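One chain is shown next in structure tokens, namely the form predicted alone.
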């Protein structure tokens, strides 16, 4: 009889080594785990969708002779001075505090050179960012850290933040090691003490109050500035509809693949919905209200490439916002700093050390010596190059689908590789006309 080797024992699918390690850590410390970055679990995403390029039934556009436009207007509903961007890729809100001053400057430089906007984030407006941003969106957050009416007027648009994709229903965190003298002064809070932002605005309890707040901001800014409302991906149909009812010019929708400077790991991994599931519901709300393309939709949460941009716009978005990808473009988590990342107990490309304030790349830190390592001029140039490549990639796909503007992409141009993504995005499974949950499906 042949003596076959025994099959080695297999780990439990429920109690994996990672889960067991977290149980032991919690038991030893009594504190929940905090980290930065976004979700690390696999979720249905844009990679699960494919474009159907032109053949006989459609004809493509010639890239060297036929134009494919990329510009977008934001805030055309009520604002006296809507924003016109050359490209539909914007920079999401990331705070001074989470990021260094030079990093904020680089974001402004790169976005301006590419013809798009950047966003302040929690903690107020820095002169570095305002001075180097052609178009700057000012975030109005529940914390009110650094908020003042003068900066509202200096901004080009106002983004009222109700929720964030990595933590819808929760507030932000900034640990004490990142609260420098300057950060503390801007936020009017003690230096070196952990700061937790509020999870909701202090002066409203429902959508009717949001409408009042938007009117107040319009009066402060003489109705000039577009008003965005940002929500995390949780109940996108109703949140989008209520934002429109409250008077928003633009809705910003952030899925759970979006990053954060710091929050509980359990929040990042277990709260919210993938952006792929959020976009069709938000678009449906706008269509039901007769406001699609009249109230613009910006989506974010895991946007990485021009293909992601094109897919988001084919599903009905007007523009996208990037955060994590922009930091990588600047040089964050670069493998050239691997030995120093390992000394912190992490590794390059792990994106879980942002909250510590000891970033070797000088981007997610307030340490003056580390910040000196980062060149904002070079960083801005790198970001500009990355945004240019994303735009060219999106144009290439749009032309292949026969579209002369990125906004002309549509769900009909897409199919899905998986049943899950097909159901979420509302596009057919590849090779069929079946959309799970529709067409007589389950």
Partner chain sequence: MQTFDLGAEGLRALNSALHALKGQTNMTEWEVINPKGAHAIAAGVDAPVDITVRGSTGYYCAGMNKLATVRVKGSAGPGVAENMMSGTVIIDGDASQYAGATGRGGLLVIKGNASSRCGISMKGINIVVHGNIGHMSAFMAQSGNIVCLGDAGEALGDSLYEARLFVRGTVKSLGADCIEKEMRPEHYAIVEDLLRQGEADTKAKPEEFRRYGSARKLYTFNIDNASSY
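Positions refer to the first chain, counted from 1. Small disclaimer: the values here were computed from a predicted structure and weren't measured.
This next part talks about the form predicted in complex with the partner chain, which is not shown.
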Fill in the blank from the handout: Heavy atom within 4.5 Å of the partner chain in the predicted complex, from candidates 198, 289, 266, 343, belongs to 198
Problem - Candidate from 109, 225, 355, 187 lying within 4.5 Å of the partner chain in the predicted complex - any heavy atom - result: 187
Exercise for the section: Give a yes or no for residue 146: in the predicted complex, does one of its heavy atoms lie within 4.5 Å of a heavy atom belonging to the partner chain? Expected result: yes
Problem - 4.5 angstroms heavy atom contact with the partner chain in the predicted complex for residue 370 - result: no
Practice task
Evaluate residue 128 for contact with the partner chain in the predicted complex, applying a 4.5 angstroms cut-off between non-hydrogen atoms, and reply yes or no.
Solution key: no
Practice task
Using a 4.5 Å heavy atom cut-off, state whether residue 153 contacts the partner chain in the predicted complex.
Solution key: yes
Handout entry: in the predicted complex, segment of 272 to 280, 138 to 146, 306 to 314, 240 to 248 with a heavy atom within 4.5 Å of the partner chain
Key = 138 to 146
Exercise for the section: Determine the residues of 212 to 226 with a heavy atom within 4.5 Å of the partner chain in the predicted complex and present them in sequence order; the list may be empty. Expected result: 212, 213, 215, 216, 219, 220, 222, 223
